[in-house]
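Below sits a lone chain in structure tokens, taken as the form predicted on its own.
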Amino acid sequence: MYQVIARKYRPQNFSELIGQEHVQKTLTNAIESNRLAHGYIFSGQRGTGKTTVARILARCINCFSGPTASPCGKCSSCIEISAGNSVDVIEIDAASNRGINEMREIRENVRYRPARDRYKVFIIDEAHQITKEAFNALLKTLEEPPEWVVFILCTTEAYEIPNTIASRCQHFSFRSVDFAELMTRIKSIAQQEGIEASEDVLSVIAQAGEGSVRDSLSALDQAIACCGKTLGVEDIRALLGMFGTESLRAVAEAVHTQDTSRMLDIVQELEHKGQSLQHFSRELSRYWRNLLVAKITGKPSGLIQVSEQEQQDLLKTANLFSEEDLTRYLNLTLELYKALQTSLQPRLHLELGLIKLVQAGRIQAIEQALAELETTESGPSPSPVASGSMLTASTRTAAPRPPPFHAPQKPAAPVNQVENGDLRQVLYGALRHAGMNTTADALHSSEVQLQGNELVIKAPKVMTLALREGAVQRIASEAFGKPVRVRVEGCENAPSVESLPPENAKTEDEVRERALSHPGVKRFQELFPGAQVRTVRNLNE
């Protein structure tokens, strides 16, 4: 009977294991130093070797020449454990044996010594399926088992294991297998099977596994059954339901050239070929992610799980966009993929999502528009901004900051001789010039006195909070030409003072008119004819 590749090439010792060096090293040292634990939890993604390592560990501790980290593979114990029919290595599927009665049977079985081997090993697969009551029945046995018993709990959902169980076991987290190691493993198996496969074919098969060795080998088995001894990349993509880089690159080129009609043609081609639109959006999200990583790194990277040739193609395409653009496209595509999961009209959603990508490429950052205004205020007017221009980091400049306020310096002597109303008027004008209009307005109902180096402001209690800002003391010192300390006193009623001169206050209409007459604002309205100024406010407030 034919044996599938995933079982045929299953590792039989630690040296054949890939991607789990931390587990291999720890267990090897534990066996050699005779520090074997009575309970283990192996958790991680499917197909990463949890059950395989459990069987290898059982062979290591029960081998006739052991305990040893390198089992012989020839003794009856090694052979029977590999075949899965050893009487002292019991494998239990917790998905179908999850109740309290099954755990009670294990508890009764633990009391008896092994029939032949050194240890009696219980391998419980899918351990997270065990019920709470069943775990409680196993709790005392797992905490203090006989010296000849070893429990190994394998699970893909470690958080489902109760803390009372996890605290009594050593926990090993299995990692996803690296793409390069997975490629090497698949290539080695293909050579042993006499299969002709290019790097692109192996890359597609490795991508199908998504870090799982078993899933990748299952895909290889399926590809051999379909194509025979010679594997073609297009046939394998069609078989596994994966999309070639050509269709994904076509989307990127349409975004770059702002070709909306091309997006509709792509959706039509997908529908004509019967492709899954949800799967296409997921692959497109991965493609934008790979472009973003290629743009950031600027060179081939292990973060991108594709062949070397595909990485070079990604680098060329990534140079057409900025990091900001690629981040925006990735975010839009992820939202599209989420919407397609529950959509009753997937084609409509996909067409809309791809058109949004084109429109997102036409967005121009406000920083770039302001930078262009700064460079063209004194020169001839440039041509209107081209639709779909690409924004790069080198063209972004920060908006200029307003110059710092320096109040005219006055000698200290005359300041002490002016009236209180004049002091209030000087401070009012300085605060207005500094852009602190709200604080300046609080002086309308306030009385200002200068007593030595102390500036006393008597104001209604509702106004004191605005006048106690730290900037008031700095502006007052600059306005009066000497260091002063501001003290604000709250009054129940407003002091009897004359109103400030109305010419110092600017009405909203005057401020708006002055803002609209600014050359920069006029130039911005020329670049964007449909723009409207709705509100004018002082950014320094």
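Position 1 is the first residue in the sequence shown; the rest follow in order. Not measured: the values here are computed from a predicted model.
In what follows, reference is made to the form predicted together with a small molecule, a form of this protein that is not presented.
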Handout entry: T141: touches the small molecule in the predicted bound form, heavy atom cutoff 4.5 angstroms
Key = no
Exercise for the section: With heavy atoms only and a cut-off of 4.5 Å, decide whether P11 touches the small molecule in the predicted bound form. Expected result: yes
Practice task
Please check if S285 has a heavy atom lying within 4.5 Å of any heavy atom of the small molecule in the predicted bound form.
Solution key: no
Practice task
Using a 4.5 Å heavy atom cut-off, state whether E102 contacts the small molecule in the predicted bound form.
Solution key: no
Exercise for the section: Can you check 273-281, 435-443, 213-221, 309-317 and let me know which stretch has heavy atoms within 4.5 Å of the small molecule in the predicted bound form? Expected result: 213-221
Exercise for the section: Check each of N97, T156, S322, S82 and return the one that places a heavy atom within 4.5 angstroms of the small molecule in the predicted bound form. Expected result: T156
Exercise for the section: Name the residue from R46, R487, R474, R512 that puts a heavy atom within 4.5 Å of the small molecule in the predicted bound form. Expected result: R46
